[in-house]
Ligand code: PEP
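What follows is one chain in structure tokens, specifically the form predicted on its own.
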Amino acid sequence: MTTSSPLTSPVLHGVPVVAGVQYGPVIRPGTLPDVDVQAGADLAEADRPAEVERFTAAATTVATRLRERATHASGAAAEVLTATATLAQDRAWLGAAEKRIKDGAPAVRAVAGAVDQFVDMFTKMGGLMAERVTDLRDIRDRVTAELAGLPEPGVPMPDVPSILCAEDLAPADTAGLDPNLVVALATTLGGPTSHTAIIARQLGIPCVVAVTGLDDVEAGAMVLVDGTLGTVTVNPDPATAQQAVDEARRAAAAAANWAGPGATADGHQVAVLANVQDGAAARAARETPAEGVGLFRTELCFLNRDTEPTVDEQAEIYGEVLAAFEGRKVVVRTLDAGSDKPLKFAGHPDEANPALGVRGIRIAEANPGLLDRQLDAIGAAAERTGAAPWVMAPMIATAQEAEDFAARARSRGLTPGVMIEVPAAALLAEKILDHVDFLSIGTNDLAQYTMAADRMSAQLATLTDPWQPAVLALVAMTVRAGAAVDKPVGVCGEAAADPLLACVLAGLGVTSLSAAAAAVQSVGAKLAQVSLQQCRDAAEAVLATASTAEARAAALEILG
């Protein structure tokens, strides 16, 4: 949607991902110069082995560059770069390209054909595999540039702080950004959980995705990006734009001074926690005012493993996170594998719709012992560190599943809880709480399943917005069930990283908020500026709305 401001500057609308306001000139990623991939006659048979070697060398060079960049990155950026480098040397698409070369195709044509083959396959598979289409095309362009002796495509290094706009951004581009020079991101595609969104949160720069009309904004145009409202204003009045940036900067400065603990202005406590994926991320989060870890994503430690880690190996990794937050709350999620996070050693079946298939707690049934060994490792890590971690199971859909998991966790001295990601679990929260000690709402998947919209689909990004009233209605139902039996209900999805929505969640009665470490201070600072009654009033107003736009507007009117 496009509207106009009072100054007749076009205002483009998208999905807000990271709050904040920035103003500057647009830069766009460099694209691969035109290369006629169909040019050139078929190779003579004698020339084909050398062409295979040339292709292999180019792919290896690209992968090496990506891994080198990963060594200079950290956290999510390093993960994204490493994953892309791994994909650059994936034997499946490399083998398809080599076969084409051995059949006579020049390397550039073979690369294009092989990538097209896998793009089509990944698109049909959906979920994370569909999102990896962007990664594959990025690798194709980098390998093609290397073969053609051309500069590697990517984001230019601007001379002044600029706004990066693109149809979509490859992980290798977003992971290497300097937040002092690229001060905001806006994309035509992408969703709240895309690579662009994840990296923007880590960098702490404003980000808006799924922006209608963004492709028509040319490089060099001045734009104002508002990551709270989800707008991109083209060529705004400079004085007005600067005023908006200054106000946002003052708010950010206030947030930087917030030191915790999480509470509203009138002292109602809402714990502000961090989401982490390994010991390094936990140590980094410990430098923030985070009061603990609300989501330890254990599966991210093992995505590149061909074999299941031993109990001792797992215990050592878990122990790093527990040690980083010694004496503080740490919630460990058991393996949330499948769908967008396949683990090689879990033996995932081929499924027509992986997001609705064997994932999360469901993989335990097909892998006897996998969950028990993980719980053994968490118990061992707790014993070694003297910690008392909470554990929660993902993708719980029935009270029976919750009961079974709770029994296994308690037998190891662990405090059991479950994730509320499936609408059925929200509807049966009261029954589930008969068996577990806490609930944690994963708003990313809860939105996906409530709205019947793939959270990785750019076309459906507005449907998977956590401000959807239907999603918040299920959150409210879950929280009421927890309050009735005096058991905590937290939120660990991306909704908790939105300062405005965090206040609404507090008003609904959520007891803790767990977000990316970069969002901890902004969430805590916003909570500290408003009263519990304001939060409750905002929650009531939001639940009475019928759209995301109405919900945001209602919250802004009450909370500012």
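These figures come from a predicted structure and were not determined experimentally. All residue numbers are counted from 1 along the displayed sequence.
Although it is not shown, the form predicted in complex with phosphoenolpyruvate (PEP) is what the next lines describe.
Contact annotation: residue 445 falls within 4.5 Å of phosphoenolpyruvate (PEP) in the predicted bound form, judged by heavy atom distances. In the predicted bound form, phosphoenolpyruvate (PEP) lies within 4.5 Å of some heavy atom of residue 493. In the predicted bound form, residue 138 stays away from phosphoenolpyruvate (PEP), with no heavy atom inside 4.5 Å. Among heavy atoms of residue 455, some come within 4.5 Å of phosphoenolpyruvate (PEP) in the predicted bound form. Segments offered: 244 to 252, 281 to 289, 419 to 427, 379 to 387. Contacting phosphoenolpyruvate (PEP) in the predicted bound form at heavy atom distances within 4.5 Å is 419 to 427. Highlighted residues 295, 336 and 359: every one comes within 4.5 Å of phosphoenolpyruvate (PEP) in the predicted bound form, counting any heavy atom.
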